Structures are given as C-alpha cells and as structure tokens.
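Heads up, the chain below is alone and in the form predicted alone; it's given as structure tokens.
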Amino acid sequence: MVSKPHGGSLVVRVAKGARLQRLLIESREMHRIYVDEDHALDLENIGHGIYSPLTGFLCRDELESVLYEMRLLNGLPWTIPIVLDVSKEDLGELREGDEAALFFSETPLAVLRVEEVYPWDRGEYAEKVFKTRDANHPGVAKLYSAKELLIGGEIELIGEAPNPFYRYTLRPIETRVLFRERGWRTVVGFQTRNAPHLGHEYLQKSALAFVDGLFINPVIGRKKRGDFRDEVILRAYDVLTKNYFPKDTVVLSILRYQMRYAGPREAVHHAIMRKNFGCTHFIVGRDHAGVGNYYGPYEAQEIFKQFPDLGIVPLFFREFLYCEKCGGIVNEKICPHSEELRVRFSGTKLRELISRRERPPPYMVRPEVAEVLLSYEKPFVE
C-alpha cells in the first residue's frame, strides 16, 4: 500500500468552482504582493500537497522549530523552511489578519491570510540550513539577496505560473491513484536534477529490484549555471525508460521546485515530498542535494538516523562505477579491485564531453541518451 501523506492526510489548498471564480474577482481588488518564480513553485507545492502538512508559509515559532529542531511544532520531521520574504514596501498598509493576493507577473496565484509579519536573521538561517554563511554557496547567495521581513499564513491557490512541461506533471492526488491502479504496494522515488548516466540507471534498477515500481521525479525549476536544461533532462529520461526499463515499472513525472543545494537537510525534504506523492522508499545517493565541497559525500545519508519516524524508507547506495577488471558496473561494496582499475561516473566529466561535442563512452551513457544530449546546441543553463 502506498505511504500515507506526511502528517496523515494530504493537504489540498486549491480553490475550485464558484469559490475560485469569486476569489479571482476579489484578488483584483486585494493588496498585491508580487512573488518570483521560486515562491510561485512553493505556492504550487503547498496547494497540491507536495509540502503536506504545510498549509502556508511558516510563522516565526514554526520557523524557529524547523531551524533548531528540524521538526514542526507538533514534532513532525521537517528540515527546510518554507517562507515568503517581503519588504516594507511590499507590505504597504497590510496588517496581520488581512488578506493579500500573491501575483506572479500579472497572474494571480493565491490568496494569503496574513497571520504574522516578522524580521529574520539571514546569517543564522544560512548557518542552520546550509551549514555555512559562505556567499559562494548558491543557496546562501540567494538567501542574502532576500528581503528583510517574512510573512506567515495560510494560502489558497487560485492560479499557477506557466508550465511548459505540463504533460509531465502529476499531482500527489494523481500519483497515488496511478500507483494503486498499477498494483504497486511499494514504490521507490528517485530525485534528479541531471541527465542520466549509467551510474544513475544502475542505482535505480538496484532499488527497483526490491520494490514494485520506480518513480523518477526530476526537478524542474531554477538551477545553477552549468546544469542540464529541463527539456534535455526530460528527453534523456524518456529515451532511457523507453529502451532500458520493463514496461509499466516506471512513472516519470516532474517536480516543479527550486533546488536549495542544502545537502543533508534537503535530502530529508526530498524524501518527505516523495512520501507525499505516495512513495514508500526513497533513494539517497552520494552527495545528495550537495554542491561544491560544503558537505561530506555520505553526510546526506547519515542525517536520516535522526528521523526514525519519517514514514518513508531511505535506501542508501554507495557510488556506482565501472571496473575494468570486473568488466561492468559495480559499486564500492562489491568490487575488490584497486582504484586504478575503476572509472568513476562524473556529471562534471559528462558535461565537459557534451560541451566539447564529444560522444561519451558507452560505459558512461547509453547511446540513445548520448544522441539526445548532443542534439542540443545549448544543453546547459547559462
């Protein structure tokens, strides 16, 4: 049976029917706060229950509980604060208890019921969430550009930012039905922000050997410079799953979400989101959600020891690699041979080859995937 949502029930904060029409009309007369794409995606994830049990942006007490305890006030595991930063100019005459309309460009996204407006310490936030205050960290750099106040309160979704990949989009309420229809009692989720190499494929298939289905859930949204573009990742996974996975064992669907690059804390957050989609298991690989050298290679696996009550089973894998002596794909646990016989999969190496228009070797990438990557004149985020 698919997992219960985080907190026991799936949150749905989406206005429909007559209520939607009324709120759309009223939103035009409400005080407006304009949000960027990252906050627009957070709104979508709150509204559709991907962030269950959250019903809105965190107020101060809840934020402090997440920062210092990695749990909500009710004790439920939660590691990444979901907050909305605003300036005094954004607030205008808005007061606690009022309603505001959140807009992305000229599109009304949500109605926010303001519970609290409060200041925050961005340096302390960075230290707790990212384990560093270094502005060279992409998550910290974005944090330091945030506005001086936070606004907390429940939201009700009345619109969404443009979604060019709508055909790849499934909500938790839909994936849960789909998994049941396929008879999947156990489902493993896989988080990715990269095009697949053979290390990824073998990791996925190793996990799939123990469960009924695989949920490949690429992150679509803001990424750092040099990452593969969203459409490249999706096309690569299309050809991989079509040619190298048994039929009806894989569901490919996107997660519209901004990567924080928060390493261990974000690994737990990624697991919670996949739990809400209905996954019973979640793959945690090497340097999950990491960037640079800010986190240890398996630090994102070790943090799960602190959450025996998470409600989803983390699956930990060592790094997959190609061994010239074994003549195939292995990992550190099963291969006895020395380092000079090992060829490690490297996303950096793959990107270097593609940027030089060179075909990756067959032990690194499937030929169909290589064709997709080389077919794009500009495959990377600039």
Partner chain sequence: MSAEKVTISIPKSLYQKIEEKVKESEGAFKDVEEFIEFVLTELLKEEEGEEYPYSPEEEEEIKRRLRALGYL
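Remember, it's a predicted structure, so these values are computed and weren't measured experimentally. Residue numbers count along the first chain shown, from 1.
Just so you know, the form predicted in complex with the partner chain exists too; it's not on screen, but the next bit is about it.
Partner contacts here mean any heavy atom within 4.5 Å of the partner chain in the predicted complex, and among 225-233, 258-266, 167-175, 287-295 they occur only in 167-175.
Contact annotation: of the candidates 89, 134, 181, 148, the single residue with a non-hydrogen atom within 4.5 angstroms of the partner chain in the predicted complex is 181. Only one of 252, 129, 143, 94 lies close to the partner chain in the predicted complex, with a heavy atom inside 4.5 Å, and it is 252.
Candidate site formed by 321, 337 and 347: none of these residues places a non-hydrogen atom within 4.5 angstroms of the partner chain in the predicted complex. At least one heavy atom of residue 10 is located within 4.5 Å of the partner chain in the predicted complex. Residue 5 belongs to the set of residues with a heavy atom inside 4.5 Å of the partner chain in the predicted complex. Not displayed here, the partner chain is approached by residue 16 to within 4.5 Å at the level of heavy atoms in the predicted complex.
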